[in-house]
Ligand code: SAH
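One chain comes next, on its own, written out as structure tokens in the form predicted alone.
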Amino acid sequence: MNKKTDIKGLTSAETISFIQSLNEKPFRAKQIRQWVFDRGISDFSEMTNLSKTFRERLADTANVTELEEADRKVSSDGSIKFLFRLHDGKTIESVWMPEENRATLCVSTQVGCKLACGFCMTGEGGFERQLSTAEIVDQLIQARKLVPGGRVTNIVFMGMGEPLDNYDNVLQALKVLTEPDCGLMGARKITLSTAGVVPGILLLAKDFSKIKLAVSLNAADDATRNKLMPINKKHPIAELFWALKKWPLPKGRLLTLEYVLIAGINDSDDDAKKLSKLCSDMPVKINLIPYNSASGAQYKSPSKKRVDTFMKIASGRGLIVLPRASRGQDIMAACGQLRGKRS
């Protein structure tokens, strides 16, 4: 049996090619995409401006991925964590984080993760499989159905998995999400966060540098980063920063470095000094994020005083440091927590 074409994984041009292969006029592609992306319809039989014969042919040759909401947790800060069930029964997480001027959706790119970062609960469960392009895109479509007012203004690829370890599907998802015809999301409203997959950074710099890039750094020296993030043994900090210097930044824009502050591990005065020195010649800003302690986690959250001191030292040396609240601590919003609880 031939594999069916998934409409949510196609760009506009690819949809037109698919429709033409069925001997239909190109304008039918736009109609289908409006049903799928604008209205969130996944059943071809409901696409009433298409002929019944064409709808039946579509059902035979194509499908529209639709994630199933398996669970949700609502935080006192307004964040909502969704657990979505995939077609094979596996589950992933997406988190919606509303603020006054924006509402950000954090999406996943893998079921599990290969990188085994010490502070991340996703890695504890190991890696199961890559998400398809359609499964990545559908997190946005489902979230818009489920959140108040359908409001999602920004997307961050910071959920379960390493985006650049699923490069082809993530790149295709970026193309689909930013297609102008359905207006899902502007490229500048999308941030991709990587743990430091250097080959992927270099590829993305050529293929799709319109989005914002963030790097999960979390330590300013190789010894500490090796303990927290095993990928650093393959791509140490010097190699990572060499790759970041090749990212084509528009004038006035900065790369984002995420620094999860962990008590007794990377939060000392000396760590702050090393971080400011490391970044002294880089166009970067630091998002300083206190560690979100999970039940039974081996690491602990730093005190507010320690966070304030760290930020004061690093920023006092000319580094742009922005405090970032850890959202949804009362609903297990850290990656992998809700999925891990149910597995």
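Bear in mind the structure is a predicted one, so any value in this text is a computation, not a measurement. One-based numbering along the sequence shown.
Here the subject shifts to the form predicted together with the ligand, a form of this protein not shown in this document.
Chemist: Counting only non-hydrogen atoms, which stretch in 266 to 274, 114 to 122, 198 to 206, 238 to 246 is within 4.5 Å of the ligand in the predicted bound form?
Modeler: Stretch 114 to 122 is the one.
Chemist: Only one of 218, 133, 94, 166 gets a heavy atom within 4.5 Å of the ligand in the predicted bound form. Which one?
Modeler: Checking each option against the ligand in the predicted bound form, the one that comes within 4.5 Å is 218.
Chemist: Of 75, 142, 226, 193, which one comes within 4.5 Å of the ligand in the predicted bound form, counting heavy atoms only?
Modeler: In short, 193.
Chemist: How about residue 260 - does it come within 4.5 Å of the ligand in the predicted bound form, if we only consider non-hydrogen atoms?
Modeler: Yes, residue 260 is a contact residue.
Chemist: Answer yes if any heavy atom of residue 291 is within 4.5 Å of a heavy atom of the ligand in the predicted bound form; otherwise answer no.
Modeler: Within the cut-off, so yes.
Chemist: Indicate whether the ligand has at least one heavy atom within 4.5 Å of a heavy atom of residue 82 in the predicted bound form.
Modeler: Contact check for residue 82: no, nothing within 4.5 Å of the ligand in the predicted bound form.
Chemist: Even though the ligand is not shown here, does residue 152 get within 4.5 Å of it in the predicted bound form, heavy atoms only?
Modeler: No, no contact at 4.5 Å.
Chemist: Going by heavy atoms, what in 145 to 162 lies within 4.5 angstroms of the ligand in the predicted bound form?
Modeler: 157, 158, 159, 161, 162 sit within 4.5 Å of the partner.
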